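The form predicted alone is given below as one chain in C-alpha cells.
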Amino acid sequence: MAEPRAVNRRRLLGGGAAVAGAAGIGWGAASSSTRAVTTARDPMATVPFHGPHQAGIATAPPDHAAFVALDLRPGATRADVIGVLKIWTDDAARLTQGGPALGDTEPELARRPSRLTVTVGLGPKVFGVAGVQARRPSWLAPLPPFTIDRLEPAWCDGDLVLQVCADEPTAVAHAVRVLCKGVASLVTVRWVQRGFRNAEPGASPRNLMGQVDGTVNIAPGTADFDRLVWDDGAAQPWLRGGTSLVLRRIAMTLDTWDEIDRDGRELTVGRTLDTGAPLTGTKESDDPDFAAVDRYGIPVIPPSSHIARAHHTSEGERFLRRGYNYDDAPIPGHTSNSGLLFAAFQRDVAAQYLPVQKRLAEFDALNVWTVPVGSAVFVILPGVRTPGDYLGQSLFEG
C-alpha cells in the first residue's frame, strides 16, 4: 500500500478525525447483503395498498419522499384519532392506485401515481389521548440524548407521521397536500422533510458526500426481514404486521468535507468512493476484513471508520435502512445546507437500533462532518388487509 495512505491512516487513528460520535448514517453495517435497488420509472405504476403490512417499507424505495409529522389539536379525543386514520385510509387507498381522493380539488394530479406509497405511524402521545396507553409498545419513546446531537425542535417528535414516497415529486406533493388538508380540523402540521435519491436500476444510490449508500440492508421477503422488521404480535397482539420508524435528520458539513482528500474520505467511511467496495475488497458486495493490516501493521479499515463502528455485533442489531438526501437553501455564510433523512425500520427500537447508535455515538470518525439535528420515533401501524377496514383498527377494536 502506498505511503500517503499509510500516513493518512495514522492521522485518522491518532488525530482529531477519530473523535466521539456519529449519526448512524446509511452507509451501515459492514457485512454484505442485499443492496437498495431501484426499479424502472413508470409514471402509471402502482403499489398495492391493501395487505398485512403497509407499503413503503419492503417496497423498493422510489426517488422522492416526504416525511410529515402532525400534532393533534388541543382537546382531541379517541374518536378524533380514529377519524383521522379512517380518512387517511380511504384517501391513501385511492391515491396510491391512481385515483383522486374524495373531494380532491386537483384530481388530474392523481392520475400519475408513479409507485406512490403512503405509510402511517403514531407517536407516543396518541396512546394516552386515545385511552389505549396499555397498548403502547415499550420502545415507543424519544431516543435518549446523545452527545453528538444538536437537535432542533423544528425537526423532532410528532403525534402522527406520514411517509409519502413516489418516483415523481408531483405525486408526492399532491398526496401530502390531500392527506393534510383532509384532516386540517383535527391536526396541525409540525414539520415536513422532503428528500430525494436516484440510481440506475440494480445499483445503489449515492448520498451528497459522494459515497455509495445502502450497500448493506435486509432483503424484503426473506426470513431475516420478517424476523427483524415486522412485529409478530407477541408483546402487543394488535401490532402484528407493523413495525417501528426511527427518523434522524443528519446535517452534513459539506463545506469542510470538501477540504478532505480522497484517501481521507475513504478512510473515514471505510469504503472506496468509486465502487463502494470496502477498503479490503474490490466490489461493493465484498465483506470487509477488519483484521487486515498494511505493511506498517496498521488496520486497512480504521477501527474508527463508520463501517467498523456500525458493524453489528449480533444478528439482533440489524435493521432496515431507507435513506433520502435533502438539499435546502443554505444559511448565511455557508455554501450548502444538505444532509440525509435516515429512516430505520425495526420491530424493536431498544433491542436493534439503540445498541448501534450508542456505539456510533461513542466513537465514529464520520461525526466530524455529520450532525444529527432531528429525531423522532413512531410505531408504524399494521396494514389494512381488506377494503372497508382502516389503519389502526386492530389497536382500537382488537
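Numbers for residues come from their place in the sequence shown, where the first is 1. If you're wondering where the values come from, they're calculated on a predicted model, not measured in any experiment.
Just so it is clear, the following notes concern the form predicted in complex with a further copy of the same chain, a form of the same protein that is not shown.
Taken together, His64, Asp258 and Arg265 are fully in contact with a further copy of the same chain in the predicted complex: each brings a heavy atom within 4.5 Å. Remark: of stretches 281 to 289, 166 to 174, 221 to 229, 137 to 145, the one touching a further copy of the same chain in the predicted complex is 166 to 174 (heavy atom within 4.5 Å).
Taking non-hydrogen atoms only, Glu315 never approaches a further copy of the same chain to within 4.5 angstroms in the predicted complex. Residue contact check for Met209: one or more of its heavy atoms lie within 4.5 Å of a further copy of the same chain in the predicted complex. Using a 4.5 angstroms limit between non-hydrogen atoms, Val293 is distant from a further copy of the same chain in the predicted complex. Heavy atoms of Arg112 reach within 4.5 Å of a further copy of the same chain in the predicted complex, making it an interface residue.
Note on contacts: among Val189, Ile298, Ala235, Ala79, the single residue with a heavy atom within 4.5 Å of a further copy of the same chain in the predicted complex is Val189. Checked against a further copy of the same chain in the predicted complex, the candidates Ala251, Ala277, Ala93, Ala199 yield a single residue with a heavy atom inside 4.5 Å, and that residue is Ala199.
Residues Thr105, Glu106, Pro107, Glu108, Leu109, Arg111, Arg112 are the members of 96 to 132 with a non-hydrogen atom no more than 4.5 angstroms from a further copy of the same chain in the predicted complex.
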